[in-house]
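Have a look below at one chain only, the form predicted on its own, in structure tokens format.
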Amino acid sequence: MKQYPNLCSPIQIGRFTYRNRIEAAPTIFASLALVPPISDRVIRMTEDRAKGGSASVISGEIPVNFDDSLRPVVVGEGKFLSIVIDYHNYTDENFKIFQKNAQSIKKHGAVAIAELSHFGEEKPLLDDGILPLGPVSYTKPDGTPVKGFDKADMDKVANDFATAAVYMQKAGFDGVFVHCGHGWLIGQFLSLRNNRRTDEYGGSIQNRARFPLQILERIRERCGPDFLIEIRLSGEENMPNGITIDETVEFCRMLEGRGLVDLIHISAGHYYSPARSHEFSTIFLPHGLNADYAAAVKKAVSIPVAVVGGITSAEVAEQIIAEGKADIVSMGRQMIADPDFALKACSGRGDEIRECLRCCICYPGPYGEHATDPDSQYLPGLGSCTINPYNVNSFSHHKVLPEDMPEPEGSRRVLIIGGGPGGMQAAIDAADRGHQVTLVDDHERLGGILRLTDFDYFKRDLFNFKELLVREIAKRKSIEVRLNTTGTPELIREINPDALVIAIGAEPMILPLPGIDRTMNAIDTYFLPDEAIGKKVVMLGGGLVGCEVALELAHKGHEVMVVEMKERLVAEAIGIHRTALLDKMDELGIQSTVRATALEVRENGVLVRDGEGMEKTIPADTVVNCLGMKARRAEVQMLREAAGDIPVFEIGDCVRAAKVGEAVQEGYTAALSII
């Protein structure tokens, strides 16, 4: 049982004693709690983080006014929700919802903090005719005029921050989290990228800090010395002319001894370049990637320092605190993956933490960072966490709340055929509900398609999840595992289960393409010796699988060309992961051709027709089939017929080519449906 003594030690922040060093960072917009159909789910998400042992929980960001900072919330397929709050009204339903949110956090012993932001020049031009405000007047490339702040505007916005903070204080929040980074208003004033003023508010970092300090002073004046004020800063923006760590440190030095700030939270990057500026860490970046920025700030000031960014394990969190790089570790997506992080870490169960994959399914990020992104939408819809089927939030998969699922009427014999992520999840949850489980798989070890993560350099986060599932299976005595065992009608008759879960996966799609028999299946490349794959490799198919396999092959030293019929690579994805993946492909020298149709696989390469109708042969030593997967429906039907009248659940790839998260969610739902 591993201990994390530094991570789990208390610390004084302002007048509050934090029970450990773990902060639940903000994720979605707090204003979504005001949307009746999802209100309870939004509040439940932050409550779960408090219940899960976090020392402090920050609700999602909310604008400090609804005129020059009005930015409608975008949900689903680009749909806009216009939400307006009267920060002077302490009796309406909106105020009561914020009271409920604060209380739901505090009743579990966590410090409740509300995030406040102003979008500055990033406010869209809406029908209200109110121009976005920025450090300077200019016209954006899309034609939107930006009005430069004058002193009257500064006074108004400083008051808006203070008024919103008082509102949250009266609602019961212990403090506010003032967003000063990621390219929002305060960060715009601090950064030379946006602040090109020539008066006393521009030029030196001391001048650029005047208005940000005015805002913080106004909040402190209105809320008093006992109200906690935390600020988020981008250690570096990682963009041309963006703020540097030296400037961030200098700004933090200006806060010393003034009583304005109780906690400095260090992030990085810019909202509209989340992958390239490292606002979000991806699978291609190290864990805890902002720790050195935090260390630079901590060395310069006595104010406690928090850090966010790619912290997904208790080991990394403990190391950051133990090495003195930060006082607090803050986690955003990790709290979506496992809001019980703190409870598990501080009770010696760190190996049970479901560590965020950094897959960007929950938050894909905005459109437009990569040049080949479509421009039809502003923000893709949020997705249900790949590895956490349990906890409910506004975008989780739950059609029925867990507590509303029927309890088992008795212990059942459950047969699960297929030991991939869906099958393992079903086994774990069925066992936890008191059933006797037999889990069979036709390979020598569990994992299903995730066995490929044993060999993929870039999929260590996904490997860790696969290993967690295997460990959890081994801990449960009511699960019998049979490896090297094929699920057959005879096996079903032998075990005579009360319920059957079919999770047998999919198989490669073989298209009627001349010479297709000369190709190698994409997944097989992971399990073959590298010398079995030629130097020059052509990938037939530039979707997510094709590009990720191409990346692994290029990492091993192969020369890779990707051939894709559609007009862009990874057309099924968008946002952060897609940008990071394509950038990494460029870095490793992977070539590609889009709007290209494969006509024939030949001994020396692939004959293709390009978008202009011209035919050419792309030379290759090995051609890899990445044209998709198809469900094993014939085998599923055979097993279903053998099961007779017992309940049968089909999950994951054997239903249709699915993502890991879909298999996990369906495995969980199947287990809870066995009564």
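Quick note: we count residues from 1 along the sequence shown, nothing fancier. Predicted, not measured: the structure shown is a model, and the values here were computed from it.
Only in words, not in the display: the form predicted together with a small molecule, which the text now covers.
Listed residue (R578, K298, H182, H435) with a non-hydrogen atom within 4.5 angstroms of the small molecule in the predicted bound form: Here the answer is residue option H182.
Among the candidates P212, G332, G269, G120, the residue which, in the predicted bound form, approaches the small molecule to within 4.5 Å (heavy atoms): So the residue touching the small molecule in the predicted bound form, by this definition, is G332.
Heavy atom contact within 4.5 Å of the small molecule in the predicted bound form, the stretch among 474-482, 191-199, 508-516, 307-315: Selected stretch: 307-315.
Hey, in the predicted bound form, is N625 touching the small molecule, heavy atoms inside 4.5 Å? No, no contact at 4.5 Å.
Wondering, does I28 line up within 4.5 Å of the small molecule in the predicted bound form on heavy atoms? I28: yes, in contact with the small molecule in the predicted bound form.
Exercise: I321 in contact with the small molecule in the predicted bound form, heavy atom 4.5 Å: The answer is no: I321 has no heavy atom within 4.5 Å of the small molecule.
So, in the predicted bound form, is D174 in contact with the small molecule at a 4.5 angstroms heavy atom limit? No, D174 sits far enough from the small molecule in the predicted bound form that none of its heavy atoms falls within 4.5 Å.
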